[in-house]
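Next up: just one chain, as structure tokens, the form predicted alone.
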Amino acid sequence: MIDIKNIQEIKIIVGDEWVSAGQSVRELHSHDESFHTPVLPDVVVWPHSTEEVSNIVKWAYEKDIPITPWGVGTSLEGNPIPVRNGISIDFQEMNKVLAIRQEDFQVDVQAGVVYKELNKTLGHHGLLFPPDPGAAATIGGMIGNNASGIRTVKYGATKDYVMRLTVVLPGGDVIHAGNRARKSSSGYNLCALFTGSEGTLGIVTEATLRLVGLPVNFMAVRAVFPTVLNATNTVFQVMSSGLSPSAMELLDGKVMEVLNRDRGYSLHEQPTLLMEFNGYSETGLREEMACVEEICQENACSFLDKGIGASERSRLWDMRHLTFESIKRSHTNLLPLIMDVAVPLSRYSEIVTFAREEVKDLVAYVFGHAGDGNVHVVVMDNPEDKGRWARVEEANRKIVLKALELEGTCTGEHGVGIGKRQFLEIEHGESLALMQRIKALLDPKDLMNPGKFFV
């Protein structure tokens, strides 16, 4: 436990107003969007610089106090829950865009910058940071989780845009990993090591990110199919046809039903694909649309809603981004277990079919980033009902094991956190021992976001 004397010592580092042990503040930092049991930190700290983070970590490490970084708490696997109490380091105040390097297609940011706000700023310069996890995540959180989202099929995940990192190591030392060159063969790729490590090896405080040019024209398509198999076959054919969608999302009929009920839409309550294409030429997009329409018709598409322009694109993705909130609002007395697996694209139909069959007796919704083989299953239930929840967890286990059998992964984008620790040995085999050795080398006291990754 952190006592009053400890709190006074922390206040010397960051200032009185940037430290709180208040009950409501601690409760806010005790949970994320998942069902995992909340755990209160002893104290919450809001640093303003890498130097302050370094001094906090150095102080805490000397006193054997656990440290858990906090972005905005939108994660879904218990990633920022301080399972051993200690200090929650909130990056809300480290939210500056430090430099926009327009000619280099790069931006320097602090870890607390929210990616949606970043893209609003970048848009004025004709630039875009492509990963789009949907929720209002911070850059630090996205790097910690290697977040991706709806644009992954064309642009890749966060790891593909991290060029340089400033990291506070256990004990408080600060390192600068990577560089601003577009390619390098120099040394170990430490940026890749810290990206996706969920703060277990060190805390990212600043980053240089690669950017892309903001697309000029957009084509949005909503295609409705009689069965999920028709929809997933369409995904494979579009991807193998030479077309280059910037997003391709699958929503099953139950998702469309809940959107209609919650948002007042009048959508077809059948399996649906949402697709986006972008490019320089509107004429070229119309030609792509003709090809997409032909593929959809070959797969028994019963309705096709299409349009070109930013407003059509916004209309399409408003629907997708509201999905999780609509599901939660439709079951206010229940909590979600969100499954997140990914498989090779050729096995996507198989994992979706398996998942739908596995949860048919549950309150469950299937959707996902179809273009990159990522499927989400949201099950709404009551963790207090042990019998019911055991059934939910068993469904989760079976779906994860099926994804691994299909040479996929237990988590496509939500990270390991608390919820996926049990599957790492199955997925990684003997290489998990190497991960544990790296963790022990960098964090011998196991104080950096403890309780994550390893059982």
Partner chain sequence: MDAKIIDEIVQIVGKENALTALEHRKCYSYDARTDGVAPDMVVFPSSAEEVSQILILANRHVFPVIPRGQGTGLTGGSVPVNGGVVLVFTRMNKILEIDTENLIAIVEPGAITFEIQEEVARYGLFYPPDPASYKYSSIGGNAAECAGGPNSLKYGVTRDYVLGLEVVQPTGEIINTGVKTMKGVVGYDLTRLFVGSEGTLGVITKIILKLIPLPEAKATILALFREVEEAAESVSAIIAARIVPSAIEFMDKASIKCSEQANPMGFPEGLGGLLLIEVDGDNESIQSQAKKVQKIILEKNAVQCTMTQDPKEADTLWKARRTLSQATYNLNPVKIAEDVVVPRSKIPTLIRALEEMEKRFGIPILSFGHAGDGNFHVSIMIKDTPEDREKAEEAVKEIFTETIKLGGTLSGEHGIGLSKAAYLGMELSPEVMNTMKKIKRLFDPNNILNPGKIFAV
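Since this is a predicted model, take the numbers as computed values, not measurements. Residue numbers count along the first chain shown, from 1.
One more form of this protein, predicted in complex with its partner chain, exists but is not displayed; see below.
> Wondering, does G149 line up within 4.5 Å of its partner chain in the predicted complex on heavy atoms?
Yes, contact at 4.5 Å.
> Going by a heavy atom distance of 4.5 Å, is R263 a contact of its partner chain in the predicted complex?
R263: no contact with its partner chain in the predicted complex.
> Report yes if any heavy atom of H369 sits within 4.5 Å of a heavy atom of its partner chain in the predicted complex; otherwise report no.
Yes, contact at 4.5 Å.
> Do N396 and its partner chain share at least one heavy atom pair within 4.5 Å in the predicted complex?
Contact check for N396: no, nothing within 4.5 Å of its partner chain in the predicted complex.
> Pick from 319 to 327, 352 to 360, 96 to 104, 222 to 230: which stretch has non-hydrogen atoms within 4.5 Å of its partner chain in the predicted complex?
That would be 96 to 104.
> So which of A181, A136, A290, A310 reaches within 4.5 angstroms of its partner chain in the predicted complex, heavy atom to heavy atom?
Among A181, A136, A290, A310, a heavy atom within 4.5 Å of its partner chain in the predicted complex occurs only for A181.
> Which residue, R315, K159, K254, H268, is the contact with its partner chain in the predicted complex, using a 4.5 Å heavy atom cutoff?
Checking each option against its partner chain in the predicted complex, the one that comes within 4.5 Å is K159.
> Spell it out for me: taking its partner chain in the predicted complex, does every residue among G15, V39 and T166 have a heavy atom no farther than 4.5 Å from it?
No, because G15, V39 and T166 lack any heavy atom that approaches its partner chain to within 4.5 Å in the predicted complex.
> Do any residues of 424 to 455 have a non-hydrogen atom within 4.5 angstroms of its partner chain in the predicted complex? If so, which ones, in sequence order?
Heavy-atom contacts within 4.5 Å come from L424, E427, H428, E430, S431, L434, M435, R437, I438, K439, L441, L442, F453, F454.
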